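Encoded as structure tokens, the following chain is the form predicted alone, with no partner shown.
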Amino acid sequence: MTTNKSFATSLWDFFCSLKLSIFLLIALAVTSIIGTVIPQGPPPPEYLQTISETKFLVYQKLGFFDMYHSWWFIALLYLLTLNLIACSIKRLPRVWKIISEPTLVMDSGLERSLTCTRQFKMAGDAATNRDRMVAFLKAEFTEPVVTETDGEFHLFAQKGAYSRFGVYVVHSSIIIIFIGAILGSLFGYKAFVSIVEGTGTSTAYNTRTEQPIDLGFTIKCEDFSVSYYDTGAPKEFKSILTIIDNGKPVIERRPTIVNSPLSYKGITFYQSSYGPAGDPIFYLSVRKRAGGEPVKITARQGERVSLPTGGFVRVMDYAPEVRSAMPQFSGPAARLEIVPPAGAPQYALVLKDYPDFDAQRGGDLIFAYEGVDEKQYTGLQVAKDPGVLVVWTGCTLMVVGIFIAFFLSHRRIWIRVSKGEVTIGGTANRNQPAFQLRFDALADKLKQQ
């Protein structure tokens, strides 16, 4: 006889399929590898040089450069969520029936299916032995349910019945994590903002689209500082940030460094980069080698400044930190172009921490570098993820569910009491070897009594 399934039934069976679960998990794993291999976000120029224009257009069309926000990746998450829900709904009634309507009578068929059984001869009538068995189970395992049938007494006791729901807790946690991820994808964003010292902004720019995003408040960079290793590499860069909402500071002068972000109204600011804001003002001094008081000079980079003796000086370049094997030659430095009234231009390197360094050059004028006034900008990554709390809730549930599913088990004991004979049987839904040891110890104690 052939039965034709309706479309609704076929669709339900499709979503309940274990094959679908395996396919979706493999698909998500493969796409995660793609997201690891292919740079996410705007591709860097060096990567674009390694692929053809056709491949770039295909990758762009498929959303490979922003894979975790692509429609097909979100669709895979939706399908896996529906698959988990359907599988749970289909199998849950059977598990609930095992827990809420357990088999209370151990007949011959059930006895043959049990993994652990023992049988003993016991003197006395069935009612007396029943009471002894009730007291025994209550003391050694848990209080049993007693059923009488055909002149025999059947005792049933179980522990850890609700551990069977551990897998459903894990399923629920995965669904909750997916919901959190989808919420973050649909309603969250990743952006960036650059703020010059002493200024603030209420606008960030989306990392993917570079479209402006109104933060709803103002973030201000009060100060910025950098410390260096002995090698000259940056050791730590720190922004002092203030949040101004409705014209009032709500978070004042909060230090923000790498791995110590600032959060406000669900938006998190991560210290990401820094750099000079441009138009530095240099402070120099110049004196004659023959003697006399030094003359102070203020100059902008690239600007020609007249010298007291004629000619001019120009700051060509500078470095905030120079490192040398000799400590006295380390620190801030600037490179100067000196043009005398007559003759060829001369070039000098001046060190802030070694004012007499230029004296070794041998010119008529000796220059010293006294410092620079240049504001820095701080580069902040901006992230808003309304699903992060949902994801953490799901992760917590997953840990609880995995603990229940792998470390707890549903243990069941049956005892059949008939005239002059007692049969004990038991089983567990997982970790059967450990239950076998527990059952043997229980049966041996029962035999001794």
Partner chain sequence: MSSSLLFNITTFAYLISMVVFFAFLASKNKAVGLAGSLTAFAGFAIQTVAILLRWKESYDMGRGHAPLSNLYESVVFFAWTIVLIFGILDIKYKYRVIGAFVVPFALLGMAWAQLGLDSGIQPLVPALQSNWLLYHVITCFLGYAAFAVACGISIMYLIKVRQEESEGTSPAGGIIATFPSSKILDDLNYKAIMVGFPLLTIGIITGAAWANYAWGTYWSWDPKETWSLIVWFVYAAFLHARITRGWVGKKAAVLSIVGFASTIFCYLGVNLFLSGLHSYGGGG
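Superpose the two forms; the largest set of C-alphas matching within 1.5 Å is the rigid core. Residue numbers count along the first chain shown, from 1. Predicted, not measured: the structure shown is a model, and the values here were computed from it.
The discussion below concerns the form predicted in complex with its partner chain, not included here.
Interface residue remark: Ser260 is counted as part of the site for its partner chain in the predicted bound form, having a heavy atom within 4.5 Å. Taking the partner from the other structure, its partner chain in the predicted bound form has no heavy atom within 4.5 Å of any heavy atom of Gln436. Taking non-hydrogen atoms only, Gly180 approaches its partner chain to within 4.5 angstroms in the predicted bound form. Interface membership of Leu25, defined by any non-hydrogen atom within 4.5 Å of its partner chain in the predicted bound form, is confirmed. In plain terms, the part of the chain that comes close to its partner chain in the predicted bound form, with a heavy atom within 4.5 Å, is 28-36 out of 43-51, 28-36, 412-420, 57-65. For the residues Glu210, Asp317, Glu236, Asp373, the 4.5 Å heavy atom test against its partner chain in the predicted bound form is passed only by Glu236. The partner is not shown here, but in the predicted bound form the stretch 367-395 reaches within 4.5 angstroms of its partner chain through a heavy atom at Gln381, Ala383, Asp385, Val388, Val391, Trp392, Cys395. Leu18 shows a C-alpha shift of 2 Å or greater between this form and the one not shown [criterion: core-superposed Cα displacement of 2 Å]. Relative to the superposed core, Ser409 undergoes a C-alpha shift smaller than 2 Å between this form and the one not shown. After superposition on the rigid core, the Cα of Ser32 moves by 2 Å or more between this form and the one not shown.
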